[in-house]
Each structure stands twice: as structure tokens, then as C-alpha cells.
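Here you get one chain, nothing else, as C-alpha cells; it is the form predicted alone.
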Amino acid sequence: MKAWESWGRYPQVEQQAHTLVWRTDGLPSKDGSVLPHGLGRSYGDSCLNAGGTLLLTSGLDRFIAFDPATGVVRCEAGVSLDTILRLAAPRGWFLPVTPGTKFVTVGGAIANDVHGKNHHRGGTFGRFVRRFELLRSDGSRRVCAPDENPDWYGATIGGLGLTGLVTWAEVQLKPISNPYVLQETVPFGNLDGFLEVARASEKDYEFTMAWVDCLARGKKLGRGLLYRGNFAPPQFDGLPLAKSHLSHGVGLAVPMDMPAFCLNRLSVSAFNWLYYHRQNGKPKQRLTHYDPFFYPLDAIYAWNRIYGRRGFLQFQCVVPYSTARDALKEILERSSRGGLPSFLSVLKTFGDIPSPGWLSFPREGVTLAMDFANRGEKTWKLVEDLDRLTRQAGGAVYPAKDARMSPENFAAYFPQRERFMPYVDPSFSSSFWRRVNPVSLPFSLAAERGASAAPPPQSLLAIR
């Protein structure tokens, strides 16, 4: 057993690890439960398995096939999005959906059904997964696709790595003319300003997201900067290729755990004021390489150290448009007066494009992500209050970012939970899953045979 932590550095758990090397190998025989683990960029405990074993997929890092004419790539589950971009972008292809870091494996992108800045146009990553192979603890293998084992396909996309091990996947990429993005930065004065400019931007811009000054109050509550953009048209093809971020940043790094006092209301407030006012209240346009547009934090190695050794909790919710204005206003006000400033806060909109994944987080509405330094009980109380406001608004919280969701809230956020549970592999589990499911339905033999999930049986068994 060794100590492990997620990207949020909370919690820290003791667990074993087993490195996978060949996709043709079977799963190792281990006492207790197992869980696939890629690059560990989940913020909470969905990528941890306290007391159990992690199946490290970093060794499954090979390409199987790539068609430069169609943009279809087949690779092992441990291949990172960064590696795909290094292969595909110079050949005119890009990821159809990408999260805010490229240091995520394909298996992790499937397990969390990641989203990006273009949900209103593209939906989630899972929509572009053509097929994958799922290896179960009983040794069985099944290819899953929308028209082949569709229930296993829906359960595994967004299924948090609990249905088995994805060994390889086939993904459809999107064409681009060059590696540049035409970006425009638009200041907005408050939350109403964001809702107006964000919805208006969806028609003409494929990518939108906003930085929010979490400490602004009164008439300035929710002020920030909206970033919107499209890939540059062919007339920019002749420009010299700009340098992208290196595999672990571009020379910038946080060399040590920062002292807790560095992130306080005064320092965050000063940073927010300077960051917001650098625009001088006017929209600005520029041409940029895709790296700083999609992955600004990847330029700083180990940026999570700025929160200190105790780490941080990220709260990311989505609320429907019908309740978004009031709910987000209350969430921002509660955060602002809580004495725990969020160093990084982001607003985005989600469209009405459904995901194939049963437990996928995105749904139509507005999503807000906030990072809070872990200050113990004070932080927990704040985030629990934000959870309560989210649930009252009919929203949901993102499992990939969570470290303290209650079973009751999980069931409310994800009504397809009972449909999903029979597809959980009996040997697979995670710290997150045991927390939100202190008791679990027995594994369904009907589901194991590929049939549709039967109604849940009455008896309950504890998860091992």
C-alpha cells in the first residue's frame, strides 16, 4: 500500500497499484476491488480506490490505427489527448470535444464523458466515441458501440470506470485548417451581462467560456471576461507554426507547496481586479495557437500546489436556464461572503445535445466551477451550502470534480443511477462510488448477458 492523491490533493488514501502493459492481457488477480486509473486529473476521489488496487493504464499508450483521410483514430485507453493532438493536429485534425487539460487519457475522457467550451455545438466527448472494447473481471470482452451492446456503451460512457476496463477506443476527430483560433475577449459587468453575451455568442462562436470575479458583489456580482472563438479559416494556413506547450508545461512550474496564507481574500481580490481591468472595458481580438486558448493551465506544471499541502475542493454545478439567474446569484453571493475566495471561477453554457452516457454530467443550462482551498470544516460547510442551492435549483454536481457528495444528492442529481447499477463490475469500485452508494444493488445477470437492465431487485447488498 502507498499513499495516493487526486489532482485536488484531497483526499489522500492508501492503495495498491498495478501497471497494465498489454491490452490483450487479462486483469490481475487482486484481493479487494480494482479501478482503472489514467493520468489522475480527476479533482476528487472518483479516481481513487482506498484500500483497493488501481489499474494504471499509462502502459496502454499505443496507437492502433489512424486514417488521415477520415480523421478516425483507434488507440489504447492510456493514450493521452496530448498525444493524439501531436499526431493529428499537424495533419489537419483536432479533438471534437476537449476538457481544460490535454493531460487526460482516452479512457479517462470516456469514463467522465468530459465536456469543453463547445457543448452547445458538440455535446460531450462520448458522442464521438465510435466504439471501444470493455474487459470485465470475469475475463469476458465485448465491443461496445451505439449499435453493438448499446446498453454497455451507455453505461460505460460517463460510468466512472466502474463497468470494467476500456482497453481501446475508436474516436472521430474534427477537421481544422490550421492550429490557430480567432479569439475575442468580451468584458461583462455582472451575471446578467454574462447570460446575455453567452447566449448571443452561441450562434456565431463554436467555443465560449468565461472567467468570473468571484469576490465582486452588489451590482458587479458575477462580472468577468467571456472568451469566445472559432478555429481560424484557411487564409491563416501559411503562418509559421507557433510553439505549443511542452508535455508538462513551458518552463513554468510551482516548485513547492505554497503556504496557506498566500491565497486569501486580499490577494485574490487584488488579482481579480487587475485581471478584469486589463481589458479596459473593451472587447479585444487576437489570433492565438490552440494551446493557450484551450489549455492555459497546462502551461504551469503542478499548478495545484498553489493551494498548499491540504489541497483544494472544486465545486462544479450545472443548473437549468429556468433557475440559472437566481441560483447562480445566490451561489456567488454565498461564496463571496463565506470568507473563502475561489481563486479560479469559470462559467460556461451547456446546450440541449444529449449525451449517450447514462451518468453524464452535462445537461442544458449554465455550469459554474469554483476552486476553494481546503481549510477544513469551513470549506466543507461552504461547499455543502452550494450543494443545497444546486439541488434546490434542479441542477447537478460533477462527480469528476467531487470529494464530498452525499448519497442523497447523488441520487437526486443522477436519476438513471438505478438503471446503471446492474452494469457495475462486481470487482470494480472507487472511493467515490462507495461514498455515494453505501449500499448497492446486486449485480444483474441479465445485464451481464447483454440484456437491458431489469428492474432493481428488492434486496440490497453492501459494496465490497
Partner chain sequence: MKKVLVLGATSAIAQATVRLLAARGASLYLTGRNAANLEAVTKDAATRGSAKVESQVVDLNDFNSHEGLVEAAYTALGGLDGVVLAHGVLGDQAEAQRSWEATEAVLRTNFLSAVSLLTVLANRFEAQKAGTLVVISSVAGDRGRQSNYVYGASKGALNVFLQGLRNRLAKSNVAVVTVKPGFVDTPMTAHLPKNKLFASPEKVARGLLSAADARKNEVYVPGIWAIIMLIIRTIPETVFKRMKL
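Numbering follows the first chain given and starts at 1. This structure is a prediction, so every number in the text was calculated from the model and none was measured.
Keep in mind the form predicted in complex with its partner chain is missing from the figure; the text below concerns it.
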### Query
With the partner left out of view, is residue 9 within 4.5 angstroms of its partner chain in the model of the complex by any non-hydrogen atom?
no
### Message
Taking any heavy atom pair closer than or equal to 4.5 Å as contact, tell me whether residue 66 reaches its partner chain in the model of the complex.
### Response
yes
### Query
Does the 4.5 Å heavy atom contact test between residue 91 and its partner chain in the model of the complex come out positive?
yes
### Message
Even though the partner isn't displayed, in the model of the complex is residue 323 close enough to its partner chain, meaning a heavy atom within 4.5 Å?
### Response
no
### Message
Does its partner chain, in the model of the complex, lie within 4.5 angstroms of each residue among 378, 404 and 436, using heavy atoms as the measure?
### Response
no
### in the model of the complex, segment of 207 to 215, 107 to 115, 182 to 190, 82 to 90 with a heavy atom within 4.5 Å of its partner chain
82 to 90
### Summary
In sequence order, the residues of 21 to 35 that place a heavy atom within 4.5 Å of its partner chain in the model of the complex are 21, 22, 23, 24
